[in-house]
Each structure stands twice: as C-alpha cells, then as structure tokens.
Ligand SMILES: C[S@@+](CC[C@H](N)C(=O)[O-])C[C@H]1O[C@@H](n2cnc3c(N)ncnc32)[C@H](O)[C@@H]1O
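Listed next as structure tokens is one chain, alone, in the form predicted alone.
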Amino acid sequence: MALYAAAAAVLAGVESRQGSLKGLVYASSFQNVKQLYALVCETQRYSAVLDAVITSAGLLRAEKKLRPHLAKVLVYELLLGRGFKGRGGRWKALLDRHQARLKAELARLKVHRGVSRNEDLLEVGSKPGPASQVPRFVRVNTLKTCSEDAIDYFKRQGFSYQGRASSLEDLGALKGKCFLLDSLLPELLVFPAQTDLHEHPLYQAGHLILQDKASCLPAMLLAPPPGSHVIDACAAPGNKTSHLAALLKNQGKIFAFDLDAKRLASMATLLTRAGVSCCELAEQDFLAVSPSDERYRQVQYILLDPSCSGSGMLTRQLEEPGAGVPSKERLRALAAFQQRVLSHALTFPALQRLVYSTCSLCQEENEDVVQAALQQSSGAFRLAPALPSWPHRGISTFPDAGHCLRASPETTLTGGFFIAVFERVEVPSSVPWAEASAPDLRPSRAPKRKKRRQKAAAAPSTGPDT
C-alpha cells in the first residue's frame, strides 16, 4: 500500500538526515499527510522495540527482498497499530506468514523486561507524557454542516454523547466511544486521546477538521465578521484559514500567503475539501507584500502565525527524540524574523485587529517579540485581553502578561501555544470602523435537536472534495 511505502521512505530520509520528519512528510507525494505523519511518528517512537522483535523473529533473513524501514512500518501496524483491516495487499499476506512468530517475540520481550503493556517497553524519554493525554479535538466545519448534525451522526454510529464539558477533568476522563462538546467553542467536539478519525467519512468529506483546541483560538479571537477582508500571513497548512472562512461564512476575502509551494498545494486541497471559496492563495513572502497595495486597503484583520521553533508541538519529541529548548542561536534568528513580520503586519493602514500566535513555549518567540512590536508601534496598538477566564497566562516578566494567553498539555490539555491580540488604539479617519469592540466569546448553549435536521452530516458526499 502507498501509505506504508511512503512511511518507509520518510523513515529512511530521517535516518540519513535528508530533512526533518515533518518536512519529509510534506515533501512526499502521499495525499493524507496527517495519516502519514501519525504512522511515521509512532513507528519511530517504537523503533528500538520493533528492531528487537524483527531481529528475534528473523524476519529480514526469511524475507530477503523486504527492506528494513518498510519491515519496521509493517510490523508496527501489525503488532502495535490498527492492524491491516482489509488493506495492505501483498504486504499483509507477507506479514501473515510471520504473524505468530512476531507476536511471540513481542510477548517474550515483555516477559524478559517484566512489563505487561506495550508502552512500558519504551525507553525513558520515549514514553508518553502529558501530551499523550490530550484529547482528540475535532472542529465541525460550519461551511458544510453544523454541530447538531455532526453529534447526531456520531450517536447513530454508537458513540455516547456526554453533553457540554464543564471542566478540564471532564475532558481528561473521556474513554471509549464517548465524546463531549467543548465548553468554549460551540463547534468543537472532544473525543478520548488517540481517537483516530482520519478515515471517518465526515472527515474525508470535509465536514470535520482535526484541529487542536489551542490552534482554534487564533481565528476565534480574531473574530472577523462576514464580509471582512482578512490576511492570513503564514497560512499553510490551512486549518486556521479554513476556520477563518467558516467565521466569515465564505463572505468577504482571505488573502493567504506562504512561501512553501508543496505546503501551499496541500493547503489548496484542504480548503477545497472544506468548501472554502473566499480565499486567495499566494506563494509569496508576506514581508514582500506592500501595505500600500490597493488590494489590501480594506484589510482590517490579520492572523499571524509565523514559523517558530515548534517547542510546544505535541509530537516534537517524536520528530527530534531528546530535543529540548532550541539553541540560543536558532531562537535569536527566529525571534528576529518574527519581530520583523509582526511589525510589518502592524503597518497595514486599515488594520484594526491582529492575532499573533505561535506553537512555541519560548519567551524569546512570544512575550519578547510582542513587547518589541508594541514599542515599535509607538502607541498605535495595544494588547486586548485574550479570554480573561483562560487559566494559563503569559510569563509575568512581561508587563502585559495578563493580556496574553498560553496553552500546554499540563495546564489546558491542549498543545503548547501562545497568543496575543493586538488592537488599534485610534481609528484612522479615512477608514470606516467595523467591529471595533472585542467579540463576545461567552460560551453558547449546547445545540438542541432541531425538528428538521439538515442532511449534510447524515449523508456526506466524498466525491469532489479531494
């Protein structure tokens, strides 16, 4: 199967230092990058265990044409993953011949190490920490369906709907085929950690977006009203862009920029599947975009999620085993870029509101960048309070830390994230004021059953949205 061949190629590339795991995944020709990314990460996490089992079982001696990286991927899927479940073709048939021996060697390895669970075979540092307890967040794409219909669809599939969550404990306690509605975002469903929905028909049809809760906050806090003109300055891979389009109800305009052609192509596929029609993609460096360009004279909202160290990403330890805080040199280079792009964004003449976000935990990329940009703006912008009820704020060494928002697996059961919301202090006389006040972000009521439900979620189309 193409998935397993692609995963083996990525593993080989990582081992030979051809690039980062994520970079190689995006550079592959495999269409479902998230599925490929998840498979490679888990195979790499169990790499030492798989090597031991493959060697003990003599798999490569018996199957001389089977390459080591492909063998590792296939054995992971057989013993530790989802199994082949009717797919895998000739690889499944090959592994079936050795299945009994491979399972016996895995069991023998557990006995030898005195453990009973697969996870207990992992070395210290490879075992899942708080990140493994982060629930699976699923954003309902309101361009194609609604939360009520998505909930009903899952209930018909045998899932137990537990209503709206009231606390973090509710999210952490999810198990089995149970799910909740998030307490903050009315379009966000919450499933137990490790729930895999990549092959679910609603996801494949673009009715659902698999997106971490923290990653949903930037678009929600920007809150552009329908009809607005918005810039997504560093847009790929596109989840936040599709969220912006949903908030706009496809009414208005999104100018989305990114320099990586392959990531932009994947993003175009994602937006098409999600039914986004208000977005204009450009393979361009945002720093080269002129604020005086007539095309952007109505842009009042900018979402800026620039390249960063990724130190808050849930899978970072899988990409770079043992990786800790990025080097000072790399942080300085990243922070310098982030400050340039943020200061550039703040020069757009009609801008009223900007959300700056990163998936980094480092002060140099977050509070320090924001503070420098505020000083450079000479009082034209200030920080708006970002969800005052959110439990995790900015680092207190920054004077406006209370206005900033941080997220982490330990404190909010999400990925690591930082967000600051800039708003213009004075409205330019030449620009009409629109949506000047901060959006009302109070949780809405859980959806009730309508007398006549829409049909979209009940019978999704998987035809053209690819």
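A residue's number is simply how far along the shown sequence it sits, counting from 1. The model shown is predicted, which means the values in this text are computed figures rather than measured ones.
If you look for the form predicted in complex with the ligand, you will not find it shown, but the lines that follow are about it.
Undergrad: Among Tyr4, Tyr46 and Glu77, does every residue place a heavy atom within 4.5 Å of the ligand in the predicted bound form?
TA: Judged in the predicted bound form, none of Tyr4, Tyr46 and Glu77 sits within 4.5 Å of the ligand.
Undergrad: Taking 4.5 Å between heavy atoms as the contact cutoff, choose which of Pro192, Pro326, Pro306, Gly252 touches the ligand in the predicted bound form.
TA: Looking at the other structure, the residue within range turns out to be Pro306.
Undergrad: Considering the ligand in the predicted bound form, which of Leu121, Ala233, Ala373, Ala223 comes within 4.5 Å of it through any heavy atom?
TA: Selected option: Ala233.
Undergrad: Is there a heavy atom of Tyr203 lying 4.5 Å or less from a heavy atom of the ligand in the predicted bound form?
TA: Outside the cut-off, so no.
Undergrad: Contact between Arg263 and the ligand in the predicted bound form at 4.5 Å, heavy atoms?
TA: Yes, Arg263 lies within 4.5 Å of the ligand in the predicted bound form.
Undergrad: If you check in the predicted bound form, is Asp285 within 4.5 Å of the ligand, heavy atoms only?
TA: Asp285 belongs to the contact set for the ligand.
Undergrad: So in the predicted bound form, does Trp390 come within 4.5 Å of the ligand, heavy atom to heavy atom?
TA: Contact with the ligand, no.
Undergrad: I need the one stretch from 136 to 144, 255 to 263, 373 to 381, 169 to 177 whose residues put non-hydrogen atoms within 4.5 angstroms of the ligand in the predicted bound form.
TA: Result of the contact check: 255 to 263.
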